[in-house]
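The data below hold one chain only, encoded as structure tokens and taken in the form predicted on its own.
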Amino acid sequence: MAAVAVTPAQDLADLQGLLVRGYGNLTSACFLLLEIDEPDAARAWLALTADLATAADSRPTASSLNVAFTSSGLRALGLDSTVIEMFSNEFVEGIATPFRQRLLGDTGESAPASWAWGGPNGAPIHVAVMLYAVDEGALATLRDAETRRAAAHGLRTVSILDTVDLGGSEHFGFSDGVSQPAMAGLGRPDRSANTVAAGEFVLGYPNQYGLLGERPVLPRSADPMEILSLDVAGSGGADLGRNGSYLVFRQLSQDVRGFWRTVDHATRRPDGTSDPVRRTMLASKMVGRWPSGASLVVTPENDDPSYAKFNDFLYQDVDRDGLRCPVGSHIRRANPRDSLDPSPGSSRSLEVTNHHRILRRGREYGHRVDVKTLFDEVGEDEERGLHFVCLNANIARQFEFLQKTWINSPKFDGLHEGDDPVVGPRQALGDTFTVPASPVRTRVRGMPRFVAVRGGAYFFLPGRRALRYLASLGD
């Protein structure tokens, strides 16, 4: 690694747009998972796709297309194995290895062997084409055109993952996407505590350590048409990774009825009747926010929608012991802010957290559950959940660290038992949630798993010049 000074804003036209925005104005989306059957034809398809891929320098108002590849997809395109080995080990090996199954908590019903896609028993996933449109009619037109174009160029559609617009909420009923990091020099500005170096998400830029992360830099002779950018570290090589990112994709099924039945049972009155106020309070303690999105740190007693988008708060001074927002809650694990060692409450603590941030770009799928039947003993079993998508420049230090050390760990931040109460895998000591209180804390024991993994893969989201280079491999 080498420390360099780079201005990221100059390359917005080369970044795929997903790195800068989640396309919230394009409420309809679907994801095409493709297998490459004919490499030559697939490269011809990619040559066209490189021009269609949405750049980050403008905000599309009608539709958008982004494209990413697994390591096996790059190999199927014809990229040399020696170049593929320059990518991160996590990306090259893939998400469904036995080691990652243990690391990520993908056990039991979440084991890769039972996945609908991306697992060892399914068809290879080589390409993800991510489509966004202003409405369902426009999306259908775009989806049909892209599936036909892919088929005409030797790419087989393994799966089409549809999404649903829940108006900013997720299936458990809580506002989603409130807390996102801002990239320095890219996208929207934010306060310094929430601004993270562009190199944490985009390859070829300095990260939080002031260094350029590992990425595939080729000999200049490997790019005779000079399609790629030169390595900004000064090696003279052609940087295949620059303006790209690693994209983590996991299909997460949510047991909405199981979640609300569990909190209902835990909060019933002595006579056995439901207590809706305590039920919502416990669910909010598990999430770490009220259903509106308002933080428990800011408004601990009641949901206040006027704070729904308020994100300018820290933990240590106001809520060190988690009396407002429990230490083990979902959002406190996903973004501990200033609460971790060394020196909780200091800039050093914030710096530690910012070494492990991710950009989330997920979309929900499945119909919204009918609240009138939420507590029925038997309800319809249609699957619903989240297509979890995140971007990071270092899978091991960002996504995998967050999942293993913060989300799944029963020892997070001084705790002794209980993993993430919302998305945790319920491994050893993981079925208990503690709600700190004075004088007596409350524990909810025997919680089932509410979220299961149905598919997943690690992808590389190339820059647009890199897309053109990959398309030229057969020339």
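Start at 1 with the first residue shown and count on from there. Nothing here was measured: the structure is a model prediction, and the numbers come from that model.
One more form of this protein should be noted, the form predicted in complex with protoporphyrin IX containing FE (HEM), which is absent from this view; the next part is about it.
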| query | finding |
| --- | --- |
| Residue 451: touches protoporphyrin IX containing FE (HEM) in the predicted bound form, heavy atom cutoff 4.5 angstroms | yes |
| Contact label in the predicted bound form: residue 179 to protoporphyrin IX containing FE (HEM), heavy atom within 4.5 Å | yes |
| Contact of residue 399 with protoporphyrin IX containing FE (HEM) in the predicted bound form (heavy atom, 4.5 Å) | yes |
| Distance check, residue 146 to protoporphyrin IX containing FE (HEM) in the predicted bound form, heavy atom within 4.5 Å | no |
| Contact residue in the predicted bound form, from 56, 65, 30, 407 (heavy atom within 4.5 Å of protoporphyrin IX containing FE (HEM)) | 407 |
| The unique member of 331, 133, 198, 282 whose heavy atoms fall within 4.5 Å of protoporphyrin IX containing FE (HEM) in the predicted bound form | 331 |
| Site check 38, 75 and 228: each within 4.5 Å of protoporphyrin IX containing FE (HEM) in the predicted bound form by heavy atom | no |
| Location of protoporphyrin IX containing FE (HEM) contact in the predicted bound form, chosen stretch of 94-102, 165-173, 263-271, 319-327 [non-hydrogen atom, 4.5 Å] | 165-173 |
| Residues in 331-369 with any heavy atom within 4.5 Å of protoporphyrin IX containing FE (HEM) in the predicted bound form | 331, 334, 335, 337, 357, 358, 360 |
